[in-house]
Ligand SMILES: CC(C)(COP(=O)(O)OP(=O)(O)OC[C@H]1O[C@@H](n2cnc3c(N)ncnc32)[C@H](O)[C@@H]1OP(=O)(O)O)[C@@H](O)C(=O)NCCC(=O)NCCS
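Before any questions on binding or motion, here is one chain by itself as structure tokens, the form predicted alone.
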């Protein structure tokens, strides 16, 4: 994808968000030299890649998540401060090295959203089947929920995945996450089945045996197919992943 095509793709995401939320005001700008570096501003909101020195930014976001939100969004070990800081540092390193696509959404000085595509730079697990399928996670700070920001983050990372030429995007969501379910469905994700998911760690790393989870939860596996010509292979791969996860031991 050319730089101009990159920018147009991300501009469409912003235009769609503003169309759904016409009350938003202020300057709108998109800078997308490539999918990894895409960023945008909508009034006081800034959506940008995670960067060096952003441990405090992630910590600010964590402080804005209540207990229920942390239960639903749990890629990090929330209850272990030392491990949490190491996990934030690891996330920043993964973003820096273009292994994971990580973004934050700020509103002035407040960090109000965080989202990622694990293994956007190449997923060894799906690559074994000749596919590239990163895994999406997204959360919005409690006081900013209900404003369409989750949908903005989801669609932004869909544009990242498409710009990187990925075959599909996978996610899992807890059965109790009704708001997330609605957001994902409206963004074109389809429910494939239930899958046993590790909590508090990078799920793809755990799947590859590179991280150890101490807790698991049965969640709904969903996918958004980017390359329609690979749909049958994508669905077969994700069905095998569900089957393998179902036989894993905690």
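Keep in mind that this is a model prediction, so the values were computed, not measured. Numbering follows the first chain given and starts at 1.
The form predicted together with this ligand is left out here; the points below concern that form.
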| item | value |
| --- | --- |
| Contact label in the predicted bound form: residue 184 to this ligand, heavy atom within 4.5 Å | yes |
| Residue 140: touches this ligand in the predicted bound form, heavy atom cutoff 4.5 angstroms | yes |
| Non-hydrogen atom contact residue 173 with this ligand in the predicted bound form at 4.5 angstroms | yes |
| Any non-hydrogen atom of residue 78 within 4.5 angstroms of this ligand in the predicted bound form | no |
| Stretch in contact in the predicted bound form with this ligand, which is absent here, among 81 to 89, 96 to 104, 123 to 131, 143 to 151 (heavy atoms within 4.5 Å) | 143 to 151 |
| Triplet 73, 177 and 180 all within 4.5 Å of this ligand in the predicted bound form via a heavy atom | yes |
